[in-house]
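Before any questions on how it binds or moves, here is one chain, the form predicted alone, in structure tokens.
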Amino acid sequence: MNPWETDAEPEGFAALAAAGWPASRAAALARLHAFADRAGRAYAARRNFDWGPGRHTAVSGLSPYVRPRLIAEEELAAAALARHGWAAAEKFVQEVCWRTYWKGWLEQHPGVWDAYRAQCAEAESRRAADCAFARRLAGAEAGETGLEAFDVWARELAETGYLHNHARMWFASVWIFTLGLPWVLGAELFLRRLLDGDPASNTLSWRWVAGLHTRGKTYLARADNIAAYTEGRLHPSAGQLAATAPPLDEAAAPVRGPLPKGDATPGGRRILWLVTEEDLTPELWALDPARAVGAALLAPQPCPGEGEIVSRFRADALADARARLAAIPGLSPVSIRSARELADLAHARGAEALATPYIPVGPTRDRLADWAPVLEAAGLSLAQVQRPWDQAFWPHARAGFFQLKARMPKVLGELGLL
């Protein structure tokens, strides 16, 4: 029986929502099981309400598990559709597909990630050289701006590793347009402190608020909107927030390149699996464990300023994947931290090649790009095999989200989910 086929009591989900996010696939499936009843019309009606820490019961809270694919997008869609059908589950599935859209779009515009990283470095240099600027940033990051709502969100982010999606939009808008701080440092703060901090979703969502993704169209946080969707829990005073949100500008519009296709599943050779925090459900990979001679687990790379909650979640999620891999005969997973350790393990196991699920734009891809010369010198190729979900949806992430949205029923049908 699938874990969501038994009805869950509402109190069960409320308890999970208050308990945080144990970093395991079992916990992810339990959370999906508990939320499935709410993934239909109740979600569509109430998902924008932010009732505060421990009370995020109108949304699934599954994003920390989707980020490292402790649970897969197709599992979320399948659960919602099986329980509610397309008409009622459309909004929930649409929100799942937003993440897919962001990732597919960034795959075709990798220069946006490179530019973001370069701008972060420039802004950090300014922080180091400008004491007044550094104090403003420190106050915003610590939740000490004097703007009550913003400060509440900043503290929730630091203490829990999570913010409701509506609060993220408000936070980003206030950061950019009221506080006048660089959007890239706000995005970097989220990437360091959010349990679900994703290079594509995070970077491009901040660009969207700033008016860079949809050129000229910004998102303005309004006091009445905040009061309405927190049901009065937060209510900024008149005049506290910026009244206008002029779009930011950039030197040139992003250039779209070809969509990467991924590699074919390696055939006829001895393969060492490479497991990264980009995809921690080897149970769902299109790779045959019978032909694997072992598994290498890429240890998380420390991130300066990363929140302790995030660091612990990353380490625990990888440990959970390691335990599940260890149950597969012959894989004997080993943690590695460098290209040389990976090459030595591959040779020790008699591997002729490496294989991993496709690694999207972000720090993990950057890290492995630096390793490429060592692996090439060791005679090792790395095949990156795309998930069917990504193969089906990413070609429709060429322009705005609504192009992909219009094709959702057709693509879900092709995937056998609708």
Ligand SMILES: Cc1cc2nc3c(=O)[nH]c(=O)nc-3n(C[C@H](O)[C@H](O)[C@H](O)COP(=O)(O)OP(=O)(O)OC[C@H]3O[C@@H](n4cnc5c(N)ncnc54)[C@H](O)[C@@H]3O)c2cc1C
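Predicted model, so just to flag it, every value in this text is computed and none were measured. All residue numbers are counted from 1 along the displayed sequence.
From this point on, the text means the form predicted together with the named molecule, which you will not see here.
Novice: Quick one: G61, W98 and Y162 and the named molecule in the predicted complex, is every residue within 4.5 Å by at least one heavy atom?
Specialist: All of them do, each having a heavy atom within 4.5 Å of the partner.
Novice: Taking any heavy atom pair closer than or equal to 4.5 Å as contact, tell me whether L368 reaches the named molecule in the predicted complex.
Specialist: Although the named molecule is absent here, L368 would stay clear of it in the predicted complex, with no heavy atoms inside 4.5 Å.
Novice: Taking 4.5 angstroms as the cut-off for heavy atoms, does L29 touch the named molecule in the predicted complex?
Specialist: Outside the cut-off, so no.
Novice: Does W102 make contact with the named molecule in the predicted complex, using a 4.5 Å heavy atom cut-off?
Specialist: Answer yes; at least one heavy atom of W102 falls within 4.5 Å of the named molecule in the predicted complex.
Novice: My question is simply whether M169 lines the interface with the named molecule in the predicted complex - judged by any non-hydrogen atom within 4.5 Å.
Specialist: The answer is yes: M169 has a heavy atom within 4.5 Å of the named molecule.
Novice: Select, from the options 311-319, 202-210, 294-302, 248-256, the stretch whose residues sit within 4.5 angstroms of the named molecule in the predicted complex by heavy atom distance.
Specialist: Comparing against the named molecule in the predicted complex, the contact stretch is 202-210.
Novice: Which one, L342, L106, A221, L194, lies within 4.5 Å of the named molecule in the predicted complex by heavy atoms?
Specialist: It is L194.
Novice: Within 4.5 Å, heavy atoms only, which of A89, L76, L272, A154 is in contact with the named molecule in the predicted complex?
Specialist: For this set of options, the contacting one is L76.
Novice: Just give me the residues of 300-329, first to last, that have a heavy atom within 4.5 Å of the named molecule in the predicted complex.
Specialist: Residues within 4.5 Å: none.
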